Structures are given as structure tokens and as C-alpha cells.
Ligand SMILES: Nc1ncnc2c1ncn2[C@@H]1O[C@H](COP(=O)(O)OP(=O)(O)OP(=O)(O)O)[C@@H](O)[C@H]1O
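In the form predicted alone, a lone chain appears below as C-alpha cells.
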């Protein structure tokens, strides 16, 4: 077989030097503009490093605000310490999305010989308790995207109540979520067992994003291959969108790809503008797919109304069109009914709208007097056609699969 089809794959890049530096998963030695947040994380876990039971810590913030990077940065620093009684399990709850999987991940992290299939949840729980008790260690369980866990009440209750069964040592939880109100979804029994400190990560502004990008570009690209104006443009686009550093990195990285594909010697604003369209679609796809089902249905209702038109008068400011919140709720209720599901109450609906706005998926506007009284108006932050198609490809296929599976 000729290797001609692969010839282009091994060609040296015109612009990239160390492309991995531009990945959102890359953890630099120093995280810019997050010193205070890292300091707060260290303060929260310091008791655990001394072998004392620490407070649980909950971290909130929009996607791309550095939550995971800061936690991983601190974990790496802990691993460099000697003679500490703390052990850490970092768990991506999008993968380990149930109590059983989380507890199994803890055993595989620290007791690999025990981590075999076939053990029930009680056996795994008791083994973790005995392991902590052996030498009075503190287990720090980091639950990234904690709100994705299917049986979150059971998990929180199990981990927090474990301290009552541990004679020496303890378990501390660090939860990370994009949704500041996720705890309100918990059963009161679970909430009552939490004694936590909260930390909110603010979005980056355009100046901060520009500095972050320049730092990565200096190492990720060859010297002089990125126009400074292109860096500022990518930062401004991301800041205007949601202050998402991942989006900024994705834009500049894709701009480099476009330059390579076209055989260009430099990344300019033209490539950044082209890259931003692709990156925006990927971010939208990722954001929507990480939403809980009820929030997906609300976003779907907004997308449908945006495309189909409203029964009521819409408020238009320039090119922005907002839809009445009450109409969105009615559409959402209709969708859930058609799927034989129960719609959440209007109280929960309002909380979900706040969560969606915090994540940058929607924009809201409080109307003044004269527009059907005081009401909230809503607009999608992304093209409704793309949002609609994304949800239809994922949520409805998942429900169809579940229905077929149940019928089998």
C-alpha cells in the first residue's frame, strides 16, 4: 500500500511549535489570574494535609473559567509533598456518573489489587472505610461535574456519612459544577450532611484572556507566527461570548490549523474570524450535551420558539429577539408531556433559567412596565437551528434507545 495518502500528515507545521500547550487540558506551571482562587483551595484542604478532617469545598463557575485546571494544579503540588496523610482521588463524573462507579474509582486509585469486578457497593464502601482507618489518613475526593452523577443524593450521603464510621481519619469532598444552584436539587437529607465552603470562579475579561493567550502562543507557536492583533481578536471574541478561556484557546489553535491547511506563514485576524465560527459550534455542542435532561428540554423549547415564532409579541432590540419566559415554560411543559415525562414546577424552571444564563447558553432581559407587566425575556446565545439539531441528535436518540431497551 502506498503511503502517499499519509504524506501530508508528517509534514512539519508552518506555525506550530508545541501544539499541546494550546490544549485546554494542558496545565501550565503558573495559572494566570487565578492566584486568589488557588490560595482559597489550598486553605480549604490544608487541614486534610495535616491529617485533620477538613471542610467540604464546592467550586462553581462557567465553563472555561479555570476550575478544573486550578484543582489539578493543586493536586500536582500535593503529590510533590512528602509525609502528608492526605490522599486524593480526582474523578470525572461525566465518566464515573454513579455512586457505584465513583466508589469503584476510589478503590482502583488507592487499592488496585482490590479493585476487581464482582464486589457489591457495601463491600467497596467498607473497604474504603478500613483503608482510611488503617493509618488515620484523609481521603480528598474531587468530583468534577458533580451534578452529572445520576444518584447524587446517595453518593453525597454515603461519602459524608462515612465520617461517622471512620474512627481515625476522614473523607473530604471537593465538588466542581457549572451550576451554582445544583445543591438545591439534593434531598434535604443529603444537604444536611454537608458542611462546605464555597468558591465562585468569575469569567475572564478580554485583557486577561489576551494575556493568557499570549503566554500560550509564545510557547505553542513558532516565533513571529501569530499577529498580535489576532491574539487580541481571539480574546475579545471569547470575552464577549462568556469569558471562556477554552474558547479562546480553541479559536487560536483552529486559526493555526487553517493557516497550515492553506500553506500560510502567519496567523492573522482573517483566520481567527474563520476559526471562531467553527469553535463556537463545538462549544455550543459540548455545552448542550453536558446539560441535565430537564435543562436540555428547556433549551430545546427556546430553540423551537426562536425558529417557529412566538404566539405573543416579541421584544426586538436591534437584531436581538427575546422570547417571553412564560411562553418558554408552556412550550417546555408541552414537550415533556409529549415525551411522557413530568415537567418541573415553575419554581424549578426559574432556577434552571438562572443556571443556563450563568453557563452562557442563554441571555435574559427583565422587561419594564408595559410589556405584559414585569416579565423575563429570553434569547439563545447560539444559533437556534444548531441547538435544535444537537438536542435532537442526542437527547431524543437516548430516550428512544432507553424505550427500546425497556421493551426488549
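Since we're looking at a predicted model, the values are computed, not measured. Residue numbers count along the first chain shown, from 1.
Another form exists, predicted together with the ligand; not displayed. Remarks below refer to it.
Asker: Quick check on residue 296: any heavy atom within 4.5 Å of the ligand in the model of the complex?
Answerer: No, residue 296 is distant from the partner.
Asker: Please run the contact check for residue 348 against the ligand in the model of the complex: heavy atoms, 4.5 angstroms, yes or no?
Answerer: Flag for residue 348 set to no.
Asker: With the cut-off set at 4.5 Å between non-hydrogen atoms, does residue 365 touch the ligand in the model of the complex?
Answerer: No - in the model of the complex, heavy atoms of residue 365 and the ligand never come within 4.5 Å of each other.
Asker: Would residue 28 count as touching the ligand in the model of the complex under a 4.5 Å heavy atom rule?
Answerer: Within the cut-off, so yes.
Asker: Given a 4.5 Å cut-off on heavy atoms, tell me which of 337 to 345, 375 to 383, 45 to 53, 59 to 67 is the interface stretch with the ligand in the model of the complex.
Answerer: Result of the contact check: 59 to 67.
Asker: Using a 4.5 Å heavy atom cut-off, which residue among 226, 174, 249, 279 comes into contact with the ligand in the model of the complex?
Answerer: Spelling it out, the residue with a heavy atom inside the cut-off is 249.
Asker: Just one of 253, 190, 178, 89 has a heavy atom within 4.5 Å of the ligand in the model of the complex. Which one?
Answerer: Among 253, 190, 178, 89, a heavy atom within 4.5 Å of the ligand in the model of the complex occurs only for 178.
Asker: Using a 4.5 Å cut-off on heavy atoms, what residues in 132 to 161 are near the ligand in the model of the complex?
Answerer: Result: 145 alone.
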